[in-house]
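The chain that follows stands alone, in the form predicted alone, written as structure tokens.
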Amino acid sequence: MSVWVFYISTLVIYFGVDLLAGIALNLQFGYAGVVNFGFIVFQAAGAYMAAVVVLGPSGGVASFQQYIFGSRLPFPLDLVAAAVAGAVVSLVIGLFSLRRMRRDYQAAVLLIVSLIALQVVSADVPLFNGSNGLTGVTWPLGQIVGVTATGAPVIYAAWTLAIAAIVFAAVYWLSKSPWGRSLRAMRDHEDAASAMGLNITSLRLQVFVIGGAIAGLSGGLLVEYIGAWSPGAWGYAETFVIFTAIFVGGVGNYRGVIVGVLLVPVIFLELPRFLPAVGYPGLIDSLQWVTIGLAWMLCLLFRPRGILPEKRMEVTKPAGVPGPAVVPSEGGA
């Protein structure tokens, strides 16, 4: 396999993983208005769970690292475990952070939770091997399809895109359903939605758990490919990369999420790698975050609704029906 085929396959895999993350965060923030500044915690939970359930017991050949829940689940139960881990962590955090709390307070609490989680996992070695993280994660799909190491990235890229497409279709359908319209009503007019009988707390918790499960799945797919996971891979800044992607693409628009993910995590973060080495060591790496910050600021200044803005809800009266009626448009695609 040529270097370029391997590189492009890796970019496709990262695109699929980031697209799953963007779909989850857009469902939470774009549709429900939940400002989840702790999003990366749920992706990390899925990654850790997918790792420990395939590494086997913490001992023997794996005695150089410590972790809990050591087992060897067959494929694809490791990805199911990753999604369940993201959902369970979302449920636990959501039960105390989404109840009777203003949105700005919720955002602050979730950011604090992400910082606490990072420090706890880094310091508690028996949990997930501390700051050194986990390594030696195998790729179970390769054992099933029998591909060689040279063909693995191409197969895994197709596998990742297939999962992303399935999740995209499912979330798109959910967003068009009455449940999805309830989320938009809660986001735009919370008091009015509550007065109409919608359970705001329940809706927030539902969308929080679904988004957490998708985030956990994305983490499981990522750790299976790179083979390792550590606290250095899930700092709070990673959450703002996904936020920037959905802002640039268009908040509340899933086609916009595709555009934003392609531009921000894939192109904007990769382009600085091709710049010639200039200045002090580490300058090129710093330009990646400069690019992300500039993209967000320029978007807010010149295109606040993103490249593909969310369409508005339209109020119409069907022909032959007396009295007013509300019919949603095909917005938020």
Partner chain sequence: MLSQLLASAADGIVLAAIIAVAAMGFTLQFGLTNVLNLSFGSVMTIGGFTAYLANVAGLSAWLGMLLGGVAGGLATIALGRGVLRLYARRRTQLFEMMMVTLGLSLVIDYGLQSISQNAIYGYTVLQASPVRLGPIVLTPIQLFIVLLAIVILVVVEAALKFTKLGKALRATAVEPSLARSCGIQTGRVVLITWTISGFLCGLAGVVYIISTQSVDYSTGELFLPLIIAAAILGGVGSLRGAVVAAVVMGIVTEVVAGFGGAAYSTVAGFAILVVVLLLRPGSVSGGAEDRQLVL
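This one's a predicted model, so the numbers in the text were calculated from it and none came from an experiment. Positions refer to the first chain, counted from 1.
From this point on, the text means the form predicted in complex with the partner chain, which you will not see here.
Engineer: Go through 80, 228, 91, 115 and name the one with a heavy atom inside 4.5 Å of the partner chain in the predicted bound form.
Structural biologist: Flagged contact: 115.
Engineer: Is it the case that 119, 124 and 287 all touch the partner chain in the predicted bound form, with a non-hydrogen atom of each within 4.5 angstroms?
Structural biologist: Checked in the predicted bound form: all three residues contact the partner chain.
Engineer: Does the partner chain come within 4.5 Å of any heavy atom of residue 189 in the predicted bound form?
Structural biologist: Residue 189: no contact with the partner chain in the predicted bound form.
Engineer: Taking the shortest heavy atom distance, is residue 69 within 4.5 Å of the partner chain in the predicted bound form?
Structural biologist: Taking the distances in the predicted bound form, the answer for residue 69 is no, it never comes within 4.5 Å of the partner chain.
Engineer: Does any heavy atom of residue 103 come within 4.5 Å of a heavy atom of the partner chain in the predicted bound form?
Structural biologist: Contact check for residue 103: yes, within 4.5 Å of the partner chain in the predicted bound form.
Engineer: Would you check, heavy atoms only and a 4.5 Å threshold, whether residue 196 touches the partner chain in the predicted bound form?
Structural biologist: Answer no; every heavy atom of residue 196 is more than 4.5 Å from the partner chain in the predicted bound form.
Engineer: Spot the stretch among 205-213, 159-167, 71-79, 105-113 with residues whose non-hydrogen atoms come within 4.5 Å of the partner chain in the predicted bound form.
Structural biologist: Looking at the partner contacts, the answer comes out as 105-113.
Engineer: Relative to the partner chain in the predicted bound form, which residues of 168-183 have a heavy atom no more than 4.5 Å away?
Structural biologist: Not one residue comes within 4.5 Å of the partner.
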